[in-house]
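Take a look at this one chain, the form predicted on its own, written out in structure tokens.
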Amino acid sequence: MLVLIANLGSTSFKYRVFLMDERGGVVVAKGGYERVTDHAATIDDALATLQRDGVIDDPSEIDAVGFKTVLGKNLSGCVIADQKVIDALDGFAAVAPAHNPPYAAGIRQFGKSMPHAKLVALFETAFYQWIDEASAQYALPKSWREIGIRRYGFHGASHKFIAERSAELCGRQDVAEISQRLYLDGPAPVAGKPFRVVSCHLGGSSSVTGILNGVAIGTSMGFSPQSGLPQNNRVGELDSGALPYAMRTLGLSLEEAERQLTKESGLLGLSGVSNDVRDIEAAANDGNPDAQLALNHLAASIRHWIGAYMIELGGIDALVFTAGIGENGPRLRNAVCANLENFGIKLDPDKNAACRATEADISTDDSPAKIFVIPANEELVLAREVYRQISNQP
């Protein structure tokens, strides 16, 4: 089965084509466009490029297109990308303005350009469908909750891959198989010892998720990607009382306050240097106290959520770092794992220092809990889920 994975931004389009079977998949083509002003023309150009490069003879050879949709109103999961998906994306366009409109437009356009292909949407919220209601809700009036304000969670494809891969690395194939079929069959009981994972997706956008037996029990992100850990230039966690106070005191409009919280906050706002951890670390090495503050705050926030989920899980079998910062940040990993030996988390400093952008066990040989670095591959996750979804269609 040929599966095209479409990554759509407001002015960008990136794609990968996977050849999939029941054993997994391999990338047979990839490409991308920046400064896109006409997605329809860009999609048609991408299909023409695949033909010119000999990947396909005709677009009809592509069996399915997968979309890593972010947030849908009253809809989640891995589902056929039909009008219900478009309506759900439009319903929360104001909550995810950088993601929902491009994906809704992309689904419409692929439906026109490739009417033969199955279109599948995997919502970033899908992995969190089974979180306990008490953990998913905010303490809000019922009228607020009825319009869909709750903790949804994001980076679902990344954390689900960690659930599967960490189980495999720990010899828990039973848990890996439960997680692999989660969107088709739902959670399943585990016969043996529970398998407990805390997954840290750390990149330009970051989140921490607690996972029990291959299923998420909670996550640091909430109603929007604005919440949880400090993001590259988004604030993360913020007391709701701070917004009206800042607006009154600084004379800010709601639009300007929102712009500052989403464009000038997070690691950029704290460091005053950059939204890139590499630049912030360089500034901290030069003695910049604000840059060091940003790094300390990020590590403290990650540790806060790890601790929360260790309590919920009743312990931990694996702590995993993934995504750009998680995979390439020995300094941050060291700060996160500092003084956690009494909780069974023992980092090997030499293994940690040597590990960059590769899968590795960076825990000591006698560490009760494994510490893994597992590179993210969200496109492969989506291709797998598209294959599973299509293969199980009547």
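We call the rigid core the largest set of C-alpha positions that still match within 1.5 Å between the two forms. In case it trips you up, residue 1 is the first one in the sequence shown, and so on. No experiment lies behind these values; they were computed from the predicted model shown.
Missing here is the form predicted in complex with a small molecule; even so, the following discussion is about that form.
Out of the listed residues V277, A284, I316, I86, V277 is the one that sits within 4.5 Å of the small molecule in the predicted bound form by at least one heavy atom. The single contact residue among G203, P230, G218, P225, judged by any heavy atom lying within 4.5 Å of the small molecule in the predicted bound form, is G203. For the chain shown alone, G329 is a contact residue for the small molecule in the predicted bound form, at least one non-hydrogen atom being within 4.5 angstroms. Interface membership of A323, defined by any non-hydrogen atom within 4.5 Å of the small molecule in the predicted bound form, is confirmed. Taking non-hydrogen atoms only, R356 approaches the small molecule to within 4.5 angstroms in the predicted bound form. Proximity to the small molecule in the predicted bound form, taken as heavy atoms within 4.5 Å, picks out 204-212 from the listed stretches 244-252, 124-132, 204-212, 72-80.
Taking the rigid core as fixed, one finds a CA shift for E359 smaller than 2 Å between the shown form and the other one.
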